Ligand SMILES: NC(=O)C1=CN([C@@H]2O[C@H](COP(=O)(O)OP(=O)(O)OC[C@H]3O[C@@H](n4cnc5c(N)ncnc54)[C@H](OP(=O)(O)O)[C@@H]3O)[C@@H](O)[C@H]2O)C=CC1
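Next up: just one chain, as structure tokens, the form predicted on its own.
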């Protein structure tokens, strides 16, 4: 019998960010392993004309929850969707709902965050810092609370090379940042943002570091733990391999690679691609929730959920594995979502010229105009290049994360819990995982029919040939302009032509003599 699964039976659990990628997998695992849990509260706001209950039904009707509905047929009765808006004070939760949350909650999993790298500082502070502070205030009023688990990121301190399982201070106190966001106008915030971020690459990593400081300062007598996952990817094993439903992490790159829109990105081939499967993160999260509640550590423990130290895979290997899968299963149709027609085809260390990507897009849009269709490729390519540029910081560096607390927790688990809640990334086979990841993107994210693979191969081959032809034409034009302007270039060109002519003449004369 799993001690962790038994622990969550009968519990009332609050999950923020439950409609996000990790939140869904967390709910699925809880229901599948602890079907006798009492209730899961999820904070939801209406979106795209859907009510909170409609959003819950949409989640439950996805393939992710197929196994859960077999094990726990009344799963919809155990999800209590509460209207909430993390952008507002007290999350705009009604008094009745707030009273229920405060009086009943046993475990809090705080997964909600904005993960946009280029988000405005005011909005990122509200979601990643202020909301964490408000949730901790709520937690301090929960008499039945046993554990509060905060999901951060392994890159919250990515300005360092070696990162320990400790909270590193930021240059400005979080409370001062929160207060200043209330009265500073956007122009001033934009001006001070680079100074506040310092040597971090973006607003996301900075505000997640502030969020950790808030957890440390506002914890009081709460049992709190912090989990820092690295780049969260598709499922490894549970509930089935390769499930993914968003463009974050490598998913967008995989789509673009399969579509053939972008041939290369600037990356350091031997830099470690610290990818971690989402089900591995969820298993660690549930194990940490159990350990924090049962063993009540004297201080806030931080757990790194990373792969680079224990089972490294560099970007070069990952790129080859992605390409190997494409040879078997390419993508057949353009991505249907409005901002996701993009991604990459290969990962290299060479610096590419954005012109070689934008120019074909401009030509293709010109063709669309001639045929009476709406041009879209230039917009898509510009968005793609912006996305890739924001990822360059992470694909050109490697980090070392200490994992003492994570390994300690693993040793505390029974053999059964190590099996049911497996977060030992050393068992991960990267070749198999990446293949399942690519297939998962195709099946679950793009919802493409696997029967169209032959047609997809031809489509990918055509895109590849267009790319090669354009680059060849670009090279010839550049060389022609260089010859016209440089005497040295002309001399080199005439030497090459003369050498080739003499070689061919010698080869022809030799063949004649042999005959």
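What you see is a predicted model; the values in this text were computed from it and never measured. Positions refer to the first chain, counted from 1.
Heads up, the form predicted in complex with this ligand isn't pictured, but that's what we're talking about next.
- In the model of the complex, this ligand sits beyond 4.5 Å of every heavy atom of residue 32.
- Although the partner is absent here, residue 224 is not a contact residue: none of its heavy atoms lies within 4.5 angstroms of this ligand in the model of the complex.
- Although the partner is absent here, residue 277 lies well away from this ligand in the model of the complex, with no heavy atom inside 4.5 Å.
- Heavy atoms of residue 19 reach within 4.5 Å of this ligand in the model of the complex, making it an interface residue.
- Only one segment in the set 106-114, 136-144, 168-176, 211-219 has residues whose heavy atoms sit within 4.5 Å of this ligand in the model of the complex; it is 106-114.
- Though this ligand is absent from this view, in the model of the complex it lies within 4.5 Å of a heavy atom of just one residue from 300, 153, 436, 292, which is 153.
- 232 is the sole member of 244, 232, 282, 129 with a non-hydrogen atom within 4.5 Å of this ligand in the model of the complex.
- Contact check at 4.5 Å (heavy atoms) against this ligand in the model of the complex: all three of 87, 204 and 248 pass.
- Residues from 36-56 that approach this ligand in the model of the complex with a non-hydrogen atom closer than or equal to 4.5 Å are 45, 47, 55, in the order they occur in the chain.
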